[in-house]
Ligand code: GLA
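Let's start with one chain on its own, the form predicted on its own, as structure tokens.
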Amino acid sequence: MKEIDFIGSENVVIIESPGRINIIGEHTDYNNGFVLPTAIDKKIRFKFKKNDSLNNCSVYSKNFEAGFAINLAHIEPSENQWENYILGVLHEIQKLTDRVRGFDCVLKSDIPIGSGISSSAALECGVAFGLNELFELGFSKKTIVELSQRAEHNFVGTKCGIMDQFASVMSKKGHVILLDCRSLEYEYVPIKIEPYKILLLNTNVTHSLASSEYNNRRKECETGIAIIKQKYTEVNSLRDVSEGMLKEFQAFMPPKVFDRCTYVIEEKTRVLKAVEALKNNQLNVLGDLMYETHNGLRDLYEVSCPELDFLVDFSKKYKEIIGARMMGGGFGGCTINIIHSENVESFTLDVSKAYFDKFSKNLTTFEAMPSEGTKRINN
């Protein structure tokens, strides 16, 4: 498919939908725990316009230099994974309204794919937000978040929690979101970390295991819940389980299931401690908690990889870095580092050389600024 030409077109809806970081609270969202994410200044930009047809749609990605056609009357999963995020959103929208008609969409992203900053949620939420604006569907932001999550469950096959979509849509500039993934209650927490900055180190290792292993971790947590629930019938998720309660069942659980549950329960506590550290400007406490989270993800949840572990260990050599951990689903992607602003350039050079010497891979680095969520940028 050729690139869609919007030059001179009127009534074009332009949307920006961001990737996200998560300061702390990894793999807790689908366990009804707490997370601490925010959108960042890496985004997908979409242009939408109606094409006056009933069912014919076209979507073109400038990054892939490829596009595809959609018939709204026959939406089925595609063999091309990136298309399924869009098709899934359309499928979910059609369950809620029959007001979507033919449209054209062009998108371009500066979010590094596979880096663990959720380009997939940005894609889903940007499409949902854009169609909501284009066809005046009247969806709330919460509805956009929830249908985008269902799209990933039902069309992509990743049983993700709600954090990524929530952060992509609901974020507020200069803040992180303390999100209760059980009730969806949330609080905006100012993130004032000057003179430090947030630096992401992208391993450029692809998530070849991430989707299947992500679903496996979810099943292991559910196995633990089922065992505990035999005695404590009120338990519906690991959110309801204390460390003491879990230890009662250690002898009845496979060791890996016990480890998975232990990590999630400990991480629940770390997130709440991290919020208090931010509110009290105790950045060193926040940094220590991030390192603890990485240890748990590496040793108990087993979703790290040698490249991520190397980068976190390397960061510990620098007093100018107060915290680091792997971020995202795991098996690749980024580490998130809180580093003094004066040392970003020198550390980036050092770690890039060390990483290449160790793995013969190039490291990609970029700063991340907490930013506003998905929005329309024209009227």
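Note that the structure is a prediction, hence the values are computed from the model and not measured. Quick note: we count residues from 1 along the sequence shown, nothing fancier.
Below, we refer to the form predicted together with the named molecule, which is not included among the displayed structures.
In short, of 28-36, 64-72, 48-56, 338-346 it is 28-36 that has heavy atoms within 4.5 Å of the named molecule in the predicted complex.
A residue is said to contact a partner when one of its heavy atoms sits within 4.5 Å of a partner heavy atom; Gly332 fails this definition for the named molecule in the predicted complex, lying far away. Taking the partner from elsewhere, Leu179 is found to have every heavy atom lying beyond 4.5 Å of the named molecule in the predicted complex.
The named molecule is not shown here, and in the predicted complex it never comes within 4.5 Å of any heavy atom of Gly130. Using a 4.5 angstroms threshold between heavy atoms, Gly328 counts as touching the named molecule in the predicted complex. Only one of the listed residues (Tyr85, Phe258, Tyr214, Tyr196) places a non-hydrogen atom within 4.5 angstroms of the named molecule in the predicted complex, and that residue is Tyr214.
The listed set Cys221, Ile265, Val106, Ile162 contains one residue whose heavy atoms approach the named molecule in the predicted complex to within 4.5 Å, identified as Ile162.
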